[in-house]
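Starting off, we have a lone chain in the form predicted alone, written out as structure tokens.
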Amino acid sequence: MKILLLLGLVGSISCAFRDHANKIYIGAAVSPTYFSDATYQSLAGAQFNFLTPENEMKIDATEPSQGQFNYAQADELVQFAQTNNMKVRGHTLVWHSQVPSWMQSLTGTALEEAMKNHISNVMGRYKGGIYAWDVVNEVFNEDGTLRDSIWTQAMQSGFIATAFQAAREADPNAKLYINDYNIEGVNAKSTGLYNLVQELKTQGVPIDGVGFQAHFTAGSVPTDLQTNLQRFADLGVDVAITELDIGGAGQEAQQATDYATVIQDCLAVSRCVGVTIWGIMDKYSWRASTNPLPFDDNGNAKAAATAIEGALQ
């Protein structure tokens, strides 16, 4: 596999984000789909010290047919991370979306066994080589109730504990997270998740952390983000910003302020371990029309990049 590492393509910031990431990690969601763009690949390896696959470790990518696993792109990303001295976050093992049709057709015990087998195989392949996993992803509705999914239909809420227990067996040393969106402030959804994490901890379920996705629009960062991160940390778990992007075409100054705020809020919480940005360059973002990322379509640093560097310092 050809790995490029081209330096000096970082616009106007003085040095790499990772050079300032002493108290927390600074990560990016990365996809080998864009590695043909040398600027993208350079920024990924030079700027960040943490990597999350965009889609390459999701269920449909890793087990497209039952019992038949495909790790080609996931392996490529793990190798890229190792080459560039980056830690990896596995994303994601159990999710209601991007579930292959064969798995959707299963019910009851058959689905539970398939879930445990999937976790065992995927985590087993990378045992010892991945820092953390999003074990379960996006399990709550906005009102704080559990989302209806194939998992709840087969196992009710018990699938969550079962997934975490299977994950711990597969890799005893990996950090195990639950991850969700719209939980960044104190609200019904985040309180539902808070109560669940508290319950899981009481039951002895091996949960190590909570991921806050943080898909924002400019000017919408909750004023109680730090307070909310702290209340979860007080449960005895790590917290992390896992999918940060801030939409707002034409609002670069506000975006820059918001990026700095999120990083500062994380730094203010001792158990906030890091911030991952969901992408690198605007044109490759899932929200490309809103220009949500620190680097523009050509890889030039935007005001947000300068703000991130400053906040990390």
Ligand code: G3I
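Quick caveat, the model's predicted, so the values are computed rather than measured. Numbers follow the displayed sequence, beginning with 1.
Just so it is clear, the following notes concern the form predicted together with the named molecule, a form of the same protein that is not shown.
Note on the partner interface in the predicted bound form: the residue among 261, 251, 55, 42 having a heavy atom within 4.5 angstroms of the named molecule is 55.
Checked against the named molecule in the predicted bound form, the residues 173, 153, 98, 109 give one hit for a heavy atom within 4.5 Å, which is 98. Using a 4.5 angstroms threshold between heavy atoms, residue 228 stays clear of the named molecule in the predicted bound form.
Residue 137 belongs to the set of residues with a heavy atom inside 4.5 Å of the named molecule in the predicted bound form.
Put simply, residue 184 is far from the named molecule in the predicted bound form: not one heavy atom of it is within 4.5 Å. Though the partner is left out of this view, residue 215 does reach within 4.5 Å of the named molecule in the predicted bound form, counting heavy atoms only. Only one segment in the set 186 to 194, 156 to 164, 110 to 118, 89 to 97 has residues whose heavy atoms sit within 4.5 Å of the named molecule in the predicted bound form; it is 89 to 97. Contact annotation for the candidate site: 243, 278 and 286 all lie close to the named molecule in the predicted bound form (heavy atom within 4.5 Å).
Contact annotation for 174 to 199: no residue has a non-hydrogen atom within 4.5 angstroms of the named molecule in the predicted bound form.
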